[in-house]
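Single chain ahead, by itself, as structure tokens, in the form predicted on its own.
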């Protein structure tokens, strides 16, 4: 699928929980000619997420989801996504686990970026765990989301060398730079398959 005119872009929602640096990168990417997506909605499980400010800056709809009653809120939310014609979801630092039902409704249409070379270091604290195990490399992975945590089919990965005096913060910064590039490449790859 070659998209150069901005017509027929994939209507996308980005789910965040925090600062939204990957979100910002995806918004900028979505405005370029080579992007197959248009970001129509920013979703967060955290009303105080700094990333929600990008909704105002870039004039994108936003929605805060309450996960206290997960089934009820997810079912309502699935309807909301359908009404807004959302065709794809990009998870970008979203710290909630989506239900099997939700994933089934969007099967093959949810992508996630994870700060490790999956299948190594699924879940949280990836940088600390990589350093503790004296890994020579870490990195990031973009994958399809399935019902098992960080276990969906891998789309792309990027290796990052771990330096001698690396800290979890310096490693996180190095990997984040690569995440921004990798997410864009992975989205292009998905739509050129």
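Residue numbers count along the first chain shown, from 1. Keep in mind it's a predicted model, so treat the numbers as computed, not measured.
Heads up, the form predicted together with a small molecule isn't pictured, but that's what we're talking about next.
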Checklist line | Exercise: residue 22 in contact with the small molecule in the predicted bound form, heavy atom 4.5 Å | finding: yes
Next item on the list: Report whether the minimum heavy atom distance between residue 113 and the small molecule in the predicted bound form is within 4.5 Å.
Entry: yes
Next item on the list: Decide whether residue 95 counts as a contact residue for the small molecule in the predicted bound form under a heavy atom distance cut-off of 4.5 Å.
Entry: yes
